[in-house]
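Coming up are structure 1 and structure 2: the same protein chain in two forms, each one given alone as structure tokens.
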Structure 1
């Protein structure tokens, strides 16, 4: 009986569900909707819960159950719950990070949602990151820019300006070093932070397409072009541009160097802004610049990791799940959840407005106007997991012992052969 109502209502719901304002009209979804979230940090958690409460209000007959799982634990648990006891909606990451689940048939193909012009037109910028084998496997809900966050007051004191190319970046760095500070703070204990540096130096030296060829295993790590990237990186390392002992610190532990003025800048995602502001760096002291070009003529490409929602293939209430996905990407909801009081990131919907925040605005402008080369996800999302783990460990070793490079690259070649060989 119940399932009959469910199916008939669901069929009705499908026709009634429209993006944006049309939601208020649909009271047609029923049954249970189980949502698993990895947004375990306090602010994102509250944002998500408020958004889900709103969705619940629109569909009083639907019984929404939300489970929030610790962000790190989620990364291993997802493998279990996708196969047994799947929720109807689950968060995850775009690009290569979803490949294993797509290949194993655990994510639902949601290409139908992407045919809707409302989504197709407004979410065009992230479509590539959601596409595998020509189909879309989920929707994005937020993304954020990467770039250099620097101490404006220190730059002013030394009379420096935002670098327009690699030479200027190094010249700035030399002046900063002469003033007794370090140019960049970084904490590589958990390895991935070094991946950001490799992403940028590689994309600036050889471009987005080359970077992706490497990610796809079409270029060997011992290739001369990869060596050039490391040579550029080494210039900064040999200057002493990075803080000492970075291999002992997490990224959070590397922030005090910036706050105390012992280092002048950090290459990081926009999520670093909140803790830096909390530590007392207001907008007069903290500023942002796009990572400068290295090779002339190479189109600028950016890292902008995208967080996503997916429907597991084993979900029970896929109609309600689809409605929820549409709801999440609608322009109003996107404006709401990504504003400074909530996630403080960039909305994925082109019709949404970006919150009036210095860094969000700069990031939005950069990604929409000044990133002609393309948008990468991040090293450990673009490269297959195993390759990424080995490579990032190599980056850390390189940053401490640059002379080990040959050994590192030979090792990475070996891993590459195995990872892409299968």
Structure 2
């Protein structure tokens, strides 16, 4: 669907920001600016269109044309439109999901934007996710936190505190088990949820850089350090820490265990909060903590899937495209597009403000101030698609049959050789 953006600036609520704002253009932009979006759902689409309308009004000599494509269709079309008939700006995702297009020479190097101190400082937590071969290939516009959402009332009943390290997490788990509950609910029917557990235990045991080396095929799955990650994970499995038969549940089907008090916590993204609230868990019962350290001295890195804007290498109006990317990441625009009435997620600019929502505020503080180790994109975004699919199948198998680990890791080594050619 194609539409010319002429939405009223007042609808976006940033008219005061526009006048003399720090990100206002120093000179007028002109020509055509073609923007492709994959934000086809109604709320994200309206947010993006209103933001673009503000940019249009800042640059009246610029003709902005926006094309909105269904997200799943966008994924199959992106290589084609980047190759021929490329827009000037296109939405996509960070980290490994952008790698094929960087390697194919289809995304523009925008490292010059990241040399701006205001961007370099305020977007520091996401720079690694936008970096390949020492260069930056786009800018983020929204992300959301992962972490442990737990039943505060159950913790209070059992006299538990948020764990400060892995040993405290296991000690809490044992008390929860002793009370007749499970420590964690999870639904691994669709595999990806187990990827979050591997991400966190691997990053907390060995750090972000090691995790990325594994993602890049530079470390074998049979490496002793990877085995150590699985050994830590097995400590929870052997305790009986997870709900039974989790392989038969989707993540949504795993939520009633938390709502009903049969499990005390879930490791999940912030998208789980809305359905938990709708099911009756108000904020007096539901709380959040950052996944605790495992290896002392390893800096804390987080899973925070990040949506991004890029300039195709074949774009025609790169000057206007760069101005648009700079506009998108400004603190005021980040505050507005991510508020609860719009995307309802977290701004990537550390100088932005967040809606008065308990979990958004905790996530924003965690990602902008308490995650010095970096931001990962989640397992199936950081690892190549075939490697991710096979590995997540292995994770589910390991959680059900942990004695199969040697066979699982040997299989993953073979997949790695095929995927990476090493």
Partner chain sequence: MSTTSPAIPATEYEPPRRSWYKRNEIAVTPWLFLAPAIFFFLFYVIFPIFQSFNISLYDWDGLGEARFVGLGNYQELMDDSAFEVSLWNNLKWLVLYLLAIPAGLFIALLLNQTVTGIRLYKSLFFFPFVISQVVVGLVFTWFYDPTFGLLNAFLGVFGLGPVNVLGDPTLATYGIIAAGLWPQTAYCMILYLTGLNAVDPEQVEAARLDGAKGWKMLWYVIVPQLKPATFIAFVVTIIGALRSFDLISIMTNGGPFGQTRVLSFYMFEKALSEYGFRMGYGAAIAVVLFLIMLVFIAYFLWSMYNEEKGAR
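Numbering follows the first chain given and starts at 1. Every value quoted in this text rests on a predicted model; they were computed, and no experiment measured them. The term rigid core refers to the maximal set of C-alpha atoms that superpose within 1.5 Å between the two forms.
Assignment of forms: the chain in structure 2 is the form predicted on its own, the chain in structure 1 is not. Rigid-part rearrangement between structure 1 and structure 2 places its hinge, out of 67, 190, 353, 77, at 353. Two rigid parts account for the change between structure 1 and structure 2, and C-alpha superpositions put the rotation of the smaller relative to the larger at 21 degrees. Core-superposed comparison between structure 1 and structure 2: residue 336 shows a Cα shift of 3.3 Å.
Once the core of the two forms is superposed, the Cα of residue 56 has moved 9.2 Å between structure 1 and structure 2.
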